[in-house]
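Next comes just one chain, in C-alpha cells: the form predicted alone.
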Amino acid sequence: MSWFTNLPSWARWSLAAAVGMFVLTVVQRVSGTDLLTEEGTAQAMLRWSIPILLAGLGGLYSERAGIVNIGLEGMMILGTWFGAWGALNWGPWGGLAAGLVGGALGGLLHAVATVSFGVDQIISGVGINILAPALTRFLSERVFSGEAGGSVSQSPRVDGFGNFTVPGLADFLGTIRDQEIFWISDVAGFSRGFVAEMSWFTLIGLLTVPLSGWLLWKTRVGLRMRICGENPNAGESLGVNIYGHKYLGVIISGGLSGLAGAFIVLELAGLYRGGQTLGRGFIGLAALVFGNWRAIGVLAGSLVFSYPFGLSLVDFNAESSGGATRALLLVIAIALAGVMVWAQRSGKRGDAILAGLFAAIALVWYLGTETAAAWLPNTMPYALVLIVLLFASQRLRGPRTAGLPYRRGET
C-alpha cells in the first residue's frame, strides 16, 4: 500500500471516495434500497456537513497555531445568536457577518486567556462552552423577548440565502443517472446532489477549504502560524511574532465557528434557538482528527460524519422507515473487514482480530434487524472517530506543541 500513501492528499481522498461509492452501490443492491446514493441524500449530507466543516477548519487554524480549542462549541453558540441578530437587522449577509464577528469575539477571549495569561487551554475552552449558552440566553431576554415571535430562548424567524443550480453540469449528471449504469449512474446521481439546489452559504463554506489550504501551506503568514504549533522557540529565534500569530490563529478559529453557528440559523433552522448546535463543535474536532489536521481531510471527515444523519433524514421520511440506515451496518462491516485484511498484511495481528470482531458484530446486527433504530445515525460519527483513532492513530500527527503552554524566552 506504499503507492497509496505516496499519492497526493487530494488523490487519496478521491480514490477513497470512489471505492466508498462502489461499496455503497453494491450494498444498496443487496439491501433492496436506492437511498444510499440518492441525490436527496447527498443534498442533506452536504447541508448538514457545513457547520461541522467550518468548526473543524476553525480547530485547524487554532491547533496549527499551537492552541487547542475545545471551545468551538461555545463559539458556534455565539455565532447562532449573533447570526440571528444580524439577520434581523441587516438581512442574511448581515447575519453572516455578525455570526463571524460573534464567534471571533469568543476566539479573542480564548486567545487572551491562553496566550497572554497562560490559562490551561482545556479549562479556557470549557469555560467558553459554559459561558456562551448563559450569555446568549441573557442577550435573548434583553433583545428577542420584545420582538414578535421571540422569547428568552429563541429569536423571531429570519431569512436565509437563496439556492442555485450549476447550469449544464446538473443536467449532464442527471442524464447519466437516468441511464441506470451500474456504479457510474449512482456516482452521477449522488454527485448531482452537490450541484443542484445548493445554498450560496454552502458554497461559501466549501470555498473555505481551498482558501484554508492555500493560506496555511502557501503563504508566509500560514508558515508562521504553523511554526507556532511545531516549534515556537525556533520561530522566536527567527524573529517571528509568536504571540501575534497565535492570536491570529485562534481568532480565525472563532470566526469560522461563528460562521458555522450562523449557518445553522440561516440555512438549517430559520431562527435562533437555545441548544440548537447539538454538539457539532465537538464533531468538528473529531473531523479535524479524522482529517489528520489537513483542510481537505477536515472536509472528508465532515462529509463522512454527516452522511448517516443526512441519510436518516431521507430514510425515515420514506417508506423504508429505517431500512436504508440499516444498510449502513453492512457498509461498516465491509469497511472493517477491509481494515482487518490491511492490518493482517501489515503484521498487526491484534488490530486484525479487533477489526474482525467489530465487523462480525456489525454483520450480525445487520442480519438480525429489519430497520435501524432512530438513534443509530446520531451515534455513528462518534463511533467512526473512535475506529479511526483505534486503527490509524500511528498515521495521525497533530501539531507538535498544540496544547502546550508557551512563554516568550523560555526553552
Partner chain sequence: MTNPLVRRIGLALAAPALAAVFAVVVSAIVLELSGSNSIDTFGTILSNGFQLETFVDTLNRATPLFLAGVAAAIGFRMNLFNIGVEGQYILAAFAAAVVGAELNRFALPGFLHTLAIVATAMFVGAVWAGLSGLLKVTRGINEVISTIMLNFVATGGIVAALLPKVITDPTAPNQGTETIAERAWLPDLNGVAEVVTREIGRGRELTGVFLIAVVVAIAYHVGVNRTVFGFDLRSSGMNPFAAFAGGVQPKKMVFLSMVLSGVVAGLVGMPEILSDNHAYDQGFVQGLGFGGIAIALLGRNSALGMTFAALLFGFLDSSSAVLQVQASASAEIVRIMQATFLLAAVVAFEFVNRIRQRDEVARASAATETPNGPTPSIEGASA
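Numbering follows the first chain given and starts at 1. As the structure is a prediction and not an experimental result, all values here were calculated from the model.
The form predicted together with its partner chain is left out here; the points below concern that form.
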>> Just checking whether Ile70 would be counted as a contact of its partner chain in the model of the complex - the rule being heavy atoms within 4.5 angstroms.
In response: yes
> Might Arg407 be said to contact its partner chain in the model of the complex, defining contact as any heavy atom within 4.5 Å?
Replying inline: yes
> Is there a heavy atom of Phe138 no more than 4.5 Å from a heavy atom of its partner chain in the model of the complex?
Replying inline: yes
> Is Ala16 close to its partner chain in the model of the complex, meaning a heavy atom pair under 4.5 Å apart or at it?
Replying inline: no
> Going by heavy atoms within 4.5 Å, which of 333-341, 201-209, 114-122, 251-259 lines up against its partner chain in the model of the complex?
Replying inline: 114-122
> With the partner left out here, if you bring back its partner chain in the model of the complex, are Gly127, Arg142 and Ala286 all within 4.5 Å of it by some heavy atom?
Replying inline: yes
> Tell me, which of Val166, Ile181, Ala234, Leu278 has a heavy atom within 4.5 angstroms of its partner chain in the model of the complex?
Replying inline: Leu278
> If you check Ala170, Leu131, Ile176, Val240 against its partner chain in the model of the complex, which one has a heavy atom within 4.5 Å?
Replying inline: Leu131
>> Can you list, in sequence order, the residues from 346-369 that come within 4.5 Å of its partner chain in the model of the complex, counting heavy atoms only?
In response: Asp351, Leu354
